[in-house]
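Before any questions on binding or motion, here is one chain by itself as structure tokens, the form predicted alone.
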Amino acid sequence: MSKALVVTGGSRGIGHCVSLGAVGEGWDVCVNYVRNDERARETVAQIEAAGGRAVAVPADVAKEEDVIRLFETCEQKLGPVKGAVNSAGIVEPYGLMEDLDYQKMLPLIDINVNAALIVSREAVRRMSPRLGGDGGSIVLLSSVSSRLGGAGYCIPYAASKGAVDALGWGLSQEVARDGIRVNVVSPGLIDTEIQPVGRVEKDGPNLPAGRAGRPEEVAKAILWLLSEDASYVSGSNLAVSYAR
């Protein structure tokens, strides 16, 4: 029986690595992206070359109607949704709190918080046995910034990830009896394009490991949480980090 996995932000960074790694775990992958059609198609081609099934679906996860269409398209093309990874996110705006513009903070809240809520809701609607589903697994991407705070750099980002932490814990309790597992993964400094230019080179050597993490290292933790090897793991917040 097929099992479909929705990966938001699935064409780049951690999401891309999750999409590729999921093939070896038996998932059919719905690769979500916003604008970069070429990279999404490349990701799908790599999955298919590895013997998997995949479809690329453009959708702005900050828009409810787009998220609904994303899940509906996944069901139509790949079958029942049994897994969801909310990897899409942004970090900006940077700077001291006193200098931040309110309007520039709104996209961060929409993409990091509101999108996580909508994606989680649509996943539960398809996984809950009360609604015709057969259980499943949801993994939300947070950050160690939620406990480090981001002072002097990105407090709004840290605050948005604190909301994701709360969502993951609360939802895990709410849907436990439905056979839906909900977990959070909190990466530290990871070498992806979401980082501002020069940050990995500047801060990576100062970490206890002497380097930043790699996106595939985070992806492996996510894939484990999605798998049956983690069948009794829910409500966890797994740090993938050598954070200071």
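Don't overthink the numbering: it's just position in the shown sequence, from 1. Only a predicted model underlies this, so the values are computations on that prediction, with no experimental measurement involved.
The protein also exists as the form predicted in complex with a small molecule; that form is not presented, and the subsequent description refers to it.
- Of the residues 44, 219, 59, 175, just one reaches the small molecule in the predicted bound form with a heavy atom at 4.5 Å or closer; this is 59.
- With a 4.5 Å cutoff on heavy atoms, residue 27 does not count as touching the small molecule in the predicted bound form; it lies far away.
- By the criterion of a heavy atom within 4.5 Å, residue 11 is counted among the residues contacting the small molecule in the predicted bound form.
- The small molecule is not drawn, but in the predicted bound form it has no heavy atom within 4.5 Å of residue 168.
- The small molecule is not shown here, and in the predicted bound form it never comes within 4.5 Å of any heavy atom of residue 211.
- Contact with the small molecule in the predicted bound form, defined as any heavy atom within 4.5 Å, is confined among 121-129, 98-106, 80-88, 147-155 to 80-88.
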